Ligand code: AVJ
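Given next, in structure tokens, is a single chain: the form predicted on its own.
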């Protein structure tokens, strides 16, 4: 039974599914906070990130605000800390100076909130109110916690010290049948009205037309990106937008974040491990400006958000938009590299069961993929349930990323899911693939 079927089934099955998702998210949070000592929990490892203990208590505070107080109508657990854990009230760089809950107090608070939430879950009708219909508020909180798990993984990556995280190696890759895939022009259905836990910026479903184009069969690999670096791509202003060139110079960019040269070899630091850069993994920790510059150097461009989604969802045999590249079934370990299973991207082609009907690979998992699109609302967008999730970010300051990364949980990863960030961000687990316009004669391929 797929997630959609479960969420639309009996209240008892829905409650079981919600409890499982809440528990799975919490287990990941606990793993990342228990992996380090008290000093590392309260330390700010980068001004770009919060202390891990802030993320953990913030997860509990959001759960309290929405599920204990709003959905459950219960008395506050800790109303006095709301301001401390309001992400809009304090910049990340300032959070270590706040009177935050200590590790033990944070763990106690988060556990108490979860006990109350499970009681609310048992007693709340999951219908009759938009916020609780099909368990939406619970799903929103599951996704919020899983998004912070990914944030905490980024903090772990920025942490200096002995390794504390480990995972098995990903499966081997497979050579592509072709470097590019042709995507026919025409209309397709973008966004969703069907996913019960889809967030407001994914809605509504709407018809979108695209011109025919070519898209890379796989994300750009480390080996391909090294060719750009060694060809002097970072030193050639031709490949960069004016804003990108200015940022490259100001930030001293010369390679992806966490890479360094060791003689003739490129090495990287990954969660405290120093290792040779794997040539066939998708490149990650590159900002939008770097991705855009590579695409120009390669004689291509970044795909638009609509092009990316059509390549991921469109089934030419039926004309239908699928839930995922492989069909309508929920993701499994055979489909994609998700949920931190390997703590790194897999070599391209490692998941043949995840290929789209058009033959595009690796669209879900491994690395978030930068697109050329600004983060803007869809036609008919309606804010729900609060403007600070999407609405306040709309505009040209942010670029859209699609597809999820190896760190992303399936609950927060759909072909319709939209992520966004500043074009200078590199600590996120982001890579890209390229596209190019088709010619009229390409329609015969």
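Owing to the predicted nature of the structure, the values given are computational and were not obtained by experimental measurement. Residue numbers count along the first chain shown, from 1.
Missing here is the form predicted together with this ligand; even so, the following discussion is about that form.
Taking the partner from elsewhere, residue 389 is found to have a heavy atom lying within 4.5 Å of this ligand in the predicted complex.
Among residues of the shown chain, residue 148 is one whose heavy atoms approach this ligand to within 4.5 Å in the predicted complex.
Taking the partner from the other structure, this ligand in the predicted complex has a heavy atom within 4.5 Å of a heavy atom of residue 58. Put simply, residue 66 is far from this ligand in the predicted complex: not one heavy atom of it is within 4.5 Å.
None of 33-41, 66-74, 412-420, 376-384 except one has non-hydrogen atoms within 4.5 angstroms of this ligand in the predicted complex; the exception is 412-420. This chain lacks the partner; the member of 342, 335, 144, 107 within 4.5 angstroms of this ligand in the predicted complex by a non-hydrogen atom is 144.
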